[in-house]
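Heads up, the chain below is alone and in the form predicted alone; it's given as structure tokens.
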């Protein structure tokens, strides 16, 4: 009897193991978050759970099966699919079953899980990739689609990610706008039906809407409270986010390339890799979600994310197209006087048959304009070096002016309809990066400049036009591949640049914020958030981008926009990002010039806090007459607070601002810095010592009732 009991127990244990192996539970985890998949009795993969980390393994058995992980077109599901394809025989269905999964440790704190799904009737495989960053609580995911049918299959939809949620309420925060009014935030409750956030512009894809979102669960999340998922897609082209609430109030979030006008004929054994989708899940509001992204980006994603950034002086506002060699040398002296690291020469330095004297001609003809710069770029780099600064250069290599030698010689290199009148955006058109010859040409622009002028220390890479006249001579009968192959061609070029010039920093510019994604930032150290440098508008723009991107990626320049604001106000705003100047020093008096040079010194001293520290958005500019943002060093020993009075009301009552991120048990000295020469601080707390607990619980008065007033306050731990 005893032997029979032992045998029965062993048999049951073996049966349980076999069942677990046949229907595994796949757990993708960070320190705080679990994404759990289960294999159903029908062999299909289901998302069982997404939420706070579950510590007790036996509880997994009680989780519901959930919703199919990567919903296919043509089967039982009634709502938006993640994938839709057409087989050789005209059958549009796909039924994916679990075929296995692997787990591997990429590095300490980084784990990759790959789940393989296969159709049970056709030789089609979908692999779902997940990389979990434990400490940063961020998950990166993409899919790979392949097949072994005899002829190409047609892909109509091909999501990078499909997430399922089942909560009482959903509030979407989207970031939309236009040139000069980028990333304006708007909260939209999601009810039954679909909400689509997408773009169809091609090259300057993000002109109207940014490729990221926040999703608050069970009510509106704020900076420090509430559950929120923040997500973004790494694709420098057309993207789409689909948010669909079904009849049971379940929400699916589908992210990836916009499939509009982009059917893709996938050849046998070719692998279609979707872009990466990145998301973080915060249980402590939007601020924590942002800090998760910032930490991850600096450590794992952004080019030179762990390195310094250069301050600069740009010539654009001082000269526009009207400059010569002598004028540029004078401006270099201004850069030296400011104490910045680099002088940046903007648009207008190239082309001879059609000199770049305006925005209407010359793009594509990348030889130096002899009339403006008789001694070439080399003279400028040598002059900059002799003055102890570096030299950077503006280029727009993906574009062409119809009035150019390049256009006349190689119209077949231009995206255009052969039988239609051409439509121009900003008097230019887009080169066809689907074509390998064009990729060679665009790479050659950078390569030739660097080969001839190896002391060029920086490129500002612009992209001002969406794709218009949408037709590729190179693609012939595969026109629906254009939007995808263009971006792939761009990445081929950027990969070659990065490979040959690995230490070359570049700014990602696109008529303002027309490009801002994490795949591009693998090749660029920073991006240009907006052509609008009015400091009041920049408070809103930088607030919006900071939801996803760290300060060191956001270029912020002091310019002459909005002269109603002081040079101090404008500089204080710009110091919250990667500081630069684009202004005529001749327009300033001596006190203003002295202030700017002192501000550069302060910025250089505070770089480890602003560019590497934790950011806390203390008071939003939305719905307030004031705004404040704080940065705290990783060791909690130093912080810096930026406070702005925009348009306070007469006799308005201002309240203390409670700081964040400090050590409650440390003592800190509060010091106002960035004062105009000769000015004394009016900050009541200036020079005084406070505990971190007091500063975070009671706070200090930072705001005033003065119009367009700013303060920069340094918080230093006492020895």
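Residue numbers count along the first chain shown, from 1. Quick caveat, the model's predicted, so the values are computed rather than measured.
Below, we refer to the form predicted in complex with a small molecule, which is not included among the displayed structures.
- The stretch that touches the small molecule in the model of the complex, counting heavy atoms within 4.5 Å, is 524-532, out of 89-97, 524-532, 633-641, 269-277.
- Taking a 4.5 Å heavy atom cutoff to the small molecule in the model of the complex, the contact residue among 466, 511, 621, 231 is 511.
- In summary, among the residues 264, 296, 459, 316, the only one with a non-hydrogen atom within 4.5 Å of the small molecule in the model of the complex is 316.
- In the model of the complex, the small molecule sits beyond 4.5 Å of every heavy atom of residue 519.
- The closest non-hydrogen atom of residue 195 lies beyond 4.5 Å of the small molecule in the model of the complex.
- Shown alone here, residue 407 lies farther than 4.5 Å from the small molecule in the model of the complex, counting heavy atoms only.
- Looking at residue 341, you'd find every heavy atom of it more than 4.5 angstroms from the small molecule in the model of the complex.
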